[in-house]
Ligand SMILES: Nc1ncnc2c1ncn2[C@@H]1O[C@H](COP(=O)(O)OP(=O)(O)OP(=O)(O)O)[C@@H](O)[C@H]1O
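Have a look below at one chain only, the form predicted on its own, in structure tokens format.
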Amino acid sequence: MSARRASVSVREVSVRYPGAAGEAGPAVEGVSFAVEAGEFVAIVGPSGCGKSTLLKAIAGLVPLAAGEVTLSGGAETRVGFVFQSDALLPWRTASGNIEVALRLSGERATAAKGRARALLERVGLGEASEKFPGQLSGGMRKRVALARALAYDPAVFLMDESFTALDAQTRIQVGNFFLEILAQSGQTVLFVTHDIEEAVTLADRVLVMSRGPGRIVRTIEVGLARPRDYYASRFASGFKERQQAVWDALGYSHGGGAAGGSGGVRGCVMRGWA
């Protein structure tokens, strides 16, 4: 794994999308935050608040209406983006999809083939290395996409609902694999999720966004010790308090949810709250 590390600076970033009448409406408005090299930051917020848009803006995939994004390593900084969809090449096998990333990062064909197979073994897909994406389940394709991003050896990971398609057992397995890789190489991570438990389990800090146009309304320090376990960390001292703090920042309270929803810690354990 590469020893390269990079910080991310987001300053007064706004993104606008064309509306039905052709007028540009704000999707993200005046967002500022910084991510230190090697830090894991999760972003949560209501559906449609601009979380994914913000991530794409940081990656340079959508234009900024205002503000700037700076990576400490400059234009040479490798950024790995794991989309909500797997975005695999349908005409390449699972191994072939990973080999593409390895060849782009400079590995020779023989070495790329061997490393691609090793990465697939690590995410539990060794037996599927020669299958095409159309022959894999949604969860399996997501694991191939994660392995492909890891193969590129980025200094910064941008991840958009990256574990959503996985069943509970596989989610734990892949989550722990990802935490293990980060512990070894210390990449910087920005991770968008709807799952409050997942955000607190993984992150050093959680950024909470408002309803659209999205703004950062609160930053919550997690402060749980590392190394972490994707499942066992949920029973650590202080976990529920951090989880509740995120829930409260989203506009909920112990007494009941906003707009008639169920509130409290029990509510934020549930997925699909947005």
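Numbering starts at 1 and runs along the sequence shown. All values reported here derive from a predicted model rather than from experimental measurement.
Below, we turn to the form predicted in complex with the ligand, even though it does not appear here.
Although the partner is absent here, residue 219 sits far enough away that none of its heavy atoms falls within 4.5 Å of the ligand in the predicted complex.
Contact annotation for residue 161: at least one heavy atom lies within 4.5 Å of the ligand in the predicted complex. Under a 4.5 angstroms non-hydrogen atom cutoff, the ligand in the predicted complex has residue 47 among its neighbouring residues. Although the partner is absent here, residue 206 lies well away from the ligand in the predicted complex, with no heavy atom inside 4.5 Å.
The candidate spot formed by 92, 129 and 148 is out of contact with the ligand in the predicted complex: none of the three has a heavy atom within 4.5 Å. Only one of 194, 78, 103, 115 comes within 4.5 Å of the ligand in the predicted complex through a heavy atom, and that residue is 194. Interface residue among 176, 84, 72, 185, judged by heavy atoms within 4.5 Å of the ligand in the predicted complex: 84. Of the stretches 232-240, 63-71, 32-40, 48-56, only 48-56 has residues with a heavy atom within 4.5 Å of the ligand in the predicted complex.
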